[in-house]
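Next up: the same protein chain in two forms, each one alone, written as structure tokens (structure 1, then structure 2).
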Structure 1
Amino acid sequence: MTLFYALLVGVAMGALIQRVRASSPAMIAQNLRLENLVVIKFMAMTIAVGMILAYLLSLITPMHFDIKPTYVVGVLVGGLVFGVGFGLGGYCPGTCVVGAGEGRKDALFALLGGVVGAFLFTLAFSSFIAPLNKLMDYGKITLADVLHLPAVGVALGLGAIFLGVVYLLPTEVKQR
């Protein structure tokens, strides 16, 4: 049953990605140039709604959140690699799957590049990436831990901030 729910969420997310045209490299480029913020607003809203729902559900049913360790250097290097690939290719992992489903050939190349990149990451992990992660490893911390507040309260507050920013940001930015 869990796989069925995951499939429903995946299909819904794919439909929404297509609806906001986040599977279009041209739309991604407009967002990266801050000319059209629809994809940025969509992702912020997705994060906010998902965070709020997950933590509210955790009050009703037992849930296990697998908190990943905070590797500052590893996250910075990974973010740089992801950002460069995102900017050059015009796709992130989710949007290239949707683009491939739409029949975009460039999305297939982005998908292939992601698979090759994951393979190279796996090969390089023990010799290069694992030592890099140890440089500034803060362990499994959360914002709620740092603020000494209940996780549900932090999720509701942060979600509200994200939704407020989505509401206040314009979708189309006027050029000077």
Structure 2
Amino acid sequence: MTLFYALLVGVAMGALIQRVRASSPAMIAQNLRLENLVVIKFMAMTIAVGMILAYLLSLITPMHFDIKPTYVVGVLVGGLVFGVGFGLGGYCPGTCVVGAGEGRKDALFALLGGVVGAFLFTLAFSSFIAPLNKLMDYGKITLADVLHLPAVGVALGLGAIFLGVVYLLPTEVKQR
């Protein structure tokens, strides 16, 4: 049943990504050049609604939260490497799958690149990555742990801040 729920979530996610044009690498590049903030605001909206809902639900039912560990150096280095690839190709590991479903040819090259990247990673893991990811490893921490506040309160507060930022940010930015 779990696998079926995951499939359904994937279909919905793929359709939403396609409709907001996040699977268009040209759209992603416009967002990263800060000319058009549709995808960034879409993501912030997703996160705000998701966090408020997930933590409110956690008050009445057990949730399958799964916090990723904060090994600061590895997470930051990984993000910096990811950003270069994101800016260059205009795809992320999920949107290139959606793009392939839509019939985008460049998405197939991104997918192939992703498989090659994963293969190279498995070769580099023991020697380079595992030691890197031992640096500044704070484990599975959340903002609620850091602030010593109840998670529901932090989720409502941060969710409200995200919604406020989404409301205030322009969607299309006039270029000089």
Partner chain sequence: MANPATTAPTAAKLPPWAMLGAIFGVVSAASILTWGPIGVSGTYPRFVGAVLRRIVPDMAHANPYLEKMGSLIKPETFLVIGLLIGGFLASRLGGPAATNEAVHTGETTTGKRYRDAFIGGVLIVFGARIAGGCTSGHIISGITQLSVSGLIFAAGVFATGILTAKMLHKGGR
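Rigid core: the largest C-alpha set superposing within 1.5 Å between the two forms. What you see is a predicted model; the values in this text were computed from it and never measured. When a residue number appears, read it as a position in the sequence of structure 1, where counting begins at 1.
- Only structure 2 is derived from the form predicted together with its partner chain.
- Once the rigid core is overlaid between the two structures, G153 does not reach a Cα shift of 2 Å, moving by less than that.
- A displacement of less than 2 angstroms separates the C-alpha positions of G164 between the two structures, with the rigid core held in common.
- Comparison between the two structures places the CA of A6 3.3 angstrom away from its other position, after core fitting.
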